[in-house]
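Just the one chain here, the form predicted alone, laid out as structure tokens.
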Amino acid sequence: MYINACSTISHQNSFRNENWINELTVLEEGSELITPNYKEFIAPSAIRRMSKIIRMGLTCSKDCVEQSGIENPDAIIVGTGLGCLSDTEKFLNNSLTIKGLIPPTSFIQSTHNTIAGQISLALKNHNYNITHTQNSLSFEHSLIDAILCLNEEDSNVLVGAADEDIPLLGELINELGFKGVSNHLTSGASFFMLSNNKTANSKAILVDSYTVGLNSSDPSEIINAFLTQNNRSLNDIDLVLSNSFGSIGATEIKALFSPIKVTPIEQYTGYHLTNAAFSTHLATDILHQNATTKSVLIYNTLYNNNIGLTLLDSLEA
């Protein structure tokens, strides 16, 4: 599957910046999301009614469509871990404070599939539209769904992920299992145009994606089985982009892949449940721009012993 366009809004200068992978900076406390001018993609009258996550998702998706030249993708697939938190909080507050009938707008906009729905409305797209909400594996499940679509009759699939941080998350940090990382909870969105067709815009190849939830198996066995299924071994991997908040330590992760270089991506994107999508954009641009890197493995162990594996190759691999 060819990755023909990708777009990311993050705490890095990643949006519409071809050189962003050479400008990566380690996040510091108080780091802010770097947002584009949303008015270039969304009508000002509509922006006022949209939460941060909707703005990010809609803008990245429109940017992907523009880059790829595919005006009407055959499917729109979105992954999100926690969904539209701002509107969920607003709806809950209204439920507690308003007597009588509650305005339905916040509830309608609070559902997880609002992102995919808004993208569909904006693109006037009536094709397959779905949202995956499998915790920290939401993006990988979106990729798997996209692969299934492309293995059937579809030719171009818009797939992405988005999550947002709100102040309330800091108060619930222990319940969410993110104790100790509250200063690095972040927002972000990444979208990709996947296709069966190689074009002049193609950047990399998505080989496969795989997930294991609430896993208690030996991670090395899962990794080797995934690679074997794709006719690979660790010797074929040039770079590993890892993602963990401490359930598996950095030293342990590096030992799993030694002597392959392992880069922890949370230092660049912070912690949100679909930041594996950030890793995918980072891997794509590395493969596209660095001729010595032929294959990148993304190892996502962000949450609850979930394991997500995504394999990408360069076009010349």
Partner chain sequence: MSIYITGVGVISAIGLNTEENYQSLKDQKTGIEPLQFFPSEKEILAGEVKLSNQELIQQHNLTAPISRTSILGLIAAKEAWKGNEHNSQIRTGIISGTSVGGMDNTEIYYEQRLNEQNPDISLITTHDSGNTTERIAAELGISGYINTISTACSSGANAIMLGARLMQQNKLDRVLVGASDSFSNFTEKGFRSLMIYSDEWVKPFDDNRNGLNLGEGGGFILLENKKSLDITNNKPLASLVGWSNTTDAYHQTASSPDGKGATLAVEGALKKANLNPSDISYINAHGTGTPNNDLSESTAFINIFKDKVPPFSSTKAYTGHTLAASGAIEAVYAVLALQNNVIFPNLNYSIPINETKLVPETQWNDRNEVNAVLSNSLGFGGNSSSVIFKKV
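Positions refer to the first chain, counted from 1. All values reported here derive from a predicted model rather than from experimental measurement.
Only in words, not in the display: the form predicted in complex with the partner chain, which the text now covers.
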Between the options Leu92, Leu234, Ala225, Val181, which residue brings a heavy atom to within 4.5 Å of the partner chain in the predicted complex? Leu92
Listed residue (Leu82, Ile205, Leu185, Val240) with a non-hydrogen atom within 4.5 angstroms of the partner chain in the predicted complex: Leu82
Any chance Asn125, Asn135 and Asp145 all have a heavy atom within 4.5 Å of the partner chain in the predicted complex? yes
Do Cys149 and the partner chain come within 4.5 Å of each other in the predicted complex, heavy atoms counted? yes
Within 4.5 Å, heavy atoms only: does Asn129 come near the partner chain in the predicted complex? yes
Under a 4.5 Å heavy atom criterion, is Thr199 part of the interface with the partner chain in the predicted complex? no
Is there a heavy atom of Asn306 lying 4.5 Å or less from a heavy atom of the partner chain in the predicted complex? yes
